[in-house]
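Next up: a single chain in C-alpha cells, the form predicted on its own.
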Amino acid sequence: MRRIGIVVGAASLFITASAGVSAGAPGLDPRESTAESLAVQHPVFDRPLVAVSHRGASGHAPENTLAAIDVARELGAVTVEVDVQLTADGEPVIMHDTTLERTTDVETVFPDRAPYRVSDFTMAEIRRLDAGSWYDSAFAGEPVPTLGEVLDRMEEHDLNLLLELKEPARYPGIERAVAEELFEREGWFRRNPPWEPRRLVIQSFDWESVRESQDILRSVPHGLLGVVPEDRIDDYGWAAMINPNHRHIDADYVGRVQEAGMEIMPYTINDRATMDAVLEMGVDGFITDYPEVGREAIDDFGADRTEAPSTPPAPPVAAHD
C-alpha cells in the first residue's frame, strides 16, 4: 500500500526552529530564527502523487531554461526540477552539464576556451550564449538563467521546486550561495500544507553536501539522489526524500524508504509503461521530461483505485449433492 505523507517524527524535524537565536544567525533561515521553539506535529496526510517536470519540460523545450519552465506550467506541471552550479564569479546558474558545449553555442562564441567548464566562465560571459538553438530554432536566443531568475519565474507561476546541487564538490560554498538566493525571496520558505506537494526540496547525489545544505536551511526539506543501501536508510533520517534511478528499485525498497518516514520519487521516466510500473510499486511520484504524460499516468492510476463495481459480486453458490 502506498504510504504518502509526513510521519509525526519527520514533521517535527523540518519545522522546528531553535528558540533564543537572533535573526540572521548562521545556519538558520532568518524567517525561522526569531520564532520560539516549535514542534508542530501533523498527522499522516496523503500527499498527491507528483509527476516532477525534469529540467523544466525538457521533452518540449530546451532544458533548464525559463522557456522550459513556462512550457511545464502550460502542460499542467505543479513541480519542476532544475540543476544549479556556480560560475567563475560565484553566481548560481542553472545548468545540468558541468561543461557548456552540449546545450549552448559556447564553442562558437568562445572558440579558444576549451574545456568549457561552467566554473571557468563569468555570468557576464555565459549571458552571451544561446541556450535554445541546439534544441530548436524556435528557441533561438534563449539565455542561460540564473537561479534567482528561475526562482522568480517559478514563483510567478506558483510552481514547486525540486532543486539539484550539481556536483557540489566542484563548487565550494554552493550550499551557502543557494541559501542566500533563497533568503532574498521569503516566499520560498512558505510551506505547503501536508496534503499538497512540497514547496521546495533541495537534493544532490553528494549526500555530504545535502547535509551541509540542511544545516544551513534547517526548515527546508532535503533529498538524497541515488540508492541508499537498505541497511543505511535509517542513518539518513534527517532527509525528507530518497530519489533513485527507477531501474534500481522494487516495491520492497519503496516500502523500506517510506517506513523510515521518507518519500521516494525515482528518475527519469519517460515511457508510460514504466510510469505505471513504478506507481504500482507505491512511489510518491516520479521525475519525467514529459509532465503531461506523467499526469495522465497518475490520473489513470488513481481512477483505477477508486472505481468500484456497479453491483457487488454475487456470493458463491453452495454445492449440493
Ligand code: G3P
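One rule holds for the numbers: they count along the sequence shown, beginning at 1. Values in this document were obtained by computation on a predicted structure and should not be read as measured data.
The next section is about a form of this same protein that is not shown, the form predicted in complex with this ligand.
Looking at this ligand in the model of the complex, residues Val93, Arg127 and Thr146 place no heavy atom within 4.5 Å of it.
Among heavy atoms of Thr274, none comes within 4.5 Å of this ligand in the model of the complex. Among heavy atoms of Gln203, some come within 4.5 Å of this ligand in the model of the complex. Although the partner is absent from this view, Glu212 stays clear of this ligand in the model of the complex, with no non-hydrogen atom inside 4.5 angstroms. Mapping the unseen interface onto this chain, Asp83 counts among the residues with a heavy atom inside 4.5 Å of this ligand in the model of the complex. Of the residues given (Ile264, Ile287, Leu66, Leu49), Ile287 alone sits with a heavy atom within 4.5 Å of this ligand in the model of the complex. Contact annotation: of the candidates Ala88, Leu75, Ile233, Leu225, the single residue with a non-hydrogen atom within 4.5 angstroms of this ligand in the model of the complex is Leu225. From the list 158-166, 137-145, 173-181, 116-124, the contact stretch for this ligand in the model of the complex under a 4.5 Å heavy atom rule is 158-166. Using a 4.5 Å cut-off on any heavy atom, the residues of 51-67 that reach this ligand in the model of the complex are, in sequence order, His54, Arg55.
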